[in-house]
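Before any questions on how it binds or moves, here is one chain, the form predicted alone, in structure tokens.
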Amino acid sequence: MQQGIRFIHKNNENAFGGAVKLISPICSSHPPQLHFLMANPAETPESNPSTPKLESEDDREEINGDEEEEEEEYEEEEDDGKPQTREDAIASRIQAESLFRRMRAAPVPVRVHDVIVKGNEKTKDHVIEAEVDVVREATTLQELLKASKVANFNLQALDIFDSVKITIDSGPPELPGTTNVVIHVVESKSPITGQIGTFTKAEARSSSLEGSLKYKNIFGYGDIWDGSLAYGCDHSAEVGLGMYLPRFRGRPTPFTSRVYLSTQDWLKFSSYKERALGLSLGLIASKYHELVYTTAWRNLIDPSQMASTSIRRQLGHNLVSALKYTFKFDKRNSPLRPTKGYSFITTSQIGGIAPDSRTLRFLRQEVDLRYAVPLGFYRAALNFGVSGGITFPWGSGYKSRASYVPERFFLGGNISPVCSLGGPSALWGFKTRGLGPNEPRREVQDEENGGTYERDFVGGDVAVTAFADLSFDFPVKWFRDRGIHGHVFACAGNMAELSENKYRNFSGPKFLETFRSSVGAGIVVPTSLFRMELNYCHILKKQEHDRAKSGLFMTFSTS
């Protein structure tokens, strides 16, 4: 759909010389294109001080010089069924140029008299009006144009309309200087949508088949109901039913809820499977803030009967009742290849806000800070980031209790730290759950190497990671046109246990001494969905039992 703004002048007068009609969505990221047309300008009273006028002979000559080129376009336009003449087109151009000058010179006062909704057969008026309230606050034409762009974006984001058009029209003749904003929507012809696909989770070295089905706007409140099903090659699976309401009982933010039944398989890494039946409620969801309440009945099982002592102690049923708050501020110009800007995210979680004695009581805090600095050549940029997190049980006897394994931190995984915004997780060259505190499993007989002990990685209560990544374009146009670029990187990270009185043995120097680190270089191929990297990674430092090695790696990362 062509993006732009078109102004059409009618016989009705207002503060800027006629009605302003926006007949194309303005949600384009490019500057809007302005086309000015005037219908029947001779009938507009010359005494109206707001009517644009020709300011100089030079302007007339410039317009006359373009007369033949513009004649056909203007004659095709109609107002009230009457085609424009060449003289009308010239007058329209004159007043359009004058309005341009006024808008550049100073704000053009205007007051929104009414917001009119058209085309919604099923959607409630108040749902649409709530998304376009921003236009009522505009006091100038310039502010109104910006507010219309925001309103258009908000309506498109509801995902229940095939098209949205916003018209800025004249207000009542008896109220000069006013305008009416007309919202014309076309509701989705097919309210049911579905998708199916296969997805590769590189950090877990597994693939999954996922499908979803959505039914939009059943009750006319902008509600979206969806069902999803996912099954992984590692025998993990999830079934979910969700609901989304953009304006629930006049709330300023959307309300979401989701019921799910899931199975996560961590047998390869930590000798347990996690099964959960839960309900998630999205209480607040805005640009910077998110508040989610989750309650779930979870069960940890060990089908292999080979789990380590720490894992066996936590097997069985328990109740999770947690409130999670996230503050996110991201000013980077790209989530996949940032070349400037910064981002900050902090997540606070408290578990155990239900009276049941089997409720897990824990506190968890994560912080992530990123910064990208442009270097001014070959689109080079230096990205660096620091992430940290800590979790701890609370309640009676918390110092001697072990923290819950699924709530601990695990580092490693075949993903890029540049994209993994949210907390400590990724390290180049280290496998999924491939470092940190670990314990031997029950004895396993290995025919090739004799008697060996495999180990379970049990996670840490405190974790810290840091990385630096220098990206740059190649001096070959073919690569630059496709966004293919190179990078060199370095990363480091570590974690430790604090619960069960292990905080007594924790010391800063020892924690720094056991940091893991790696460096490398590679080629990055970005796409609209993910970031693919072919890297050579060299492990600088690792500890005993860590799963890491130097060599070539192919990685896939999403933002």
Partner chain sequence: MEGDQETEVYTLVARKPSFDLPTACPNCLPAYIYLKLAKLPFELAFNSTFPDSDELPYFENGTYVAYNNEDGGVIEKLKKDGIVNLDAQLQSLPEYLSLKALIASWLEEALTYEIWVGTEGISTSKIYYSDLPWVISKVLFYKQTYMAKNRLGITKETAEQRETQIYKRAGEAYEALSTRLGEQKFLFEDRPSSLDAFLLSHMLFIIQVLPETSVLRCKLLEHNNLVRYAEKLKAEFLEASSSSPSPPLHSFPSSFTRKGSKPKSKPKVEKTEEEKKFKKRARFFIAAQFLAVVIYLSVMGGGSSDEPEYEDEDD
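None of the values given here were measured: they were computed from a predicted structure. Numbering follows the first chain given and starts at 1.
Absent from the display: the form predicted together with its partner chain. The rest refers to it.
Taking the partner from elsewhere, residue 86 is found to have every heavy atom lying beyond 4.5 Å of its partner chain in the model of the complex.
Of the heavy atoms in residue 348, none are within 4.5 Å of its partner chain in the model of the complex. The closest non-hydrogen atom of residue 315 lies within 4.5 Å of its partner chain in the model of the complex.
Contact annotation for residue 397: at least one heavy atom lies within 4.5 Å of its partner chain in the model of the complex. With the partner left out here, its partner chain still marks one of 146-154, 278-286, 300-308, 338-346 in the model of the complex; by a 4.5 Å heavy atom cut-off that stretch is 300-308. The three residues 357, 401 and 440 all sit with a heavy atom within 4.5 Å of its partner chain in the model of the complex. Interface residue among 243, 130, 117, 319 relative to its partner chain in the model of the complex, by the heavy atom within 4.5 Å criterion: 319.
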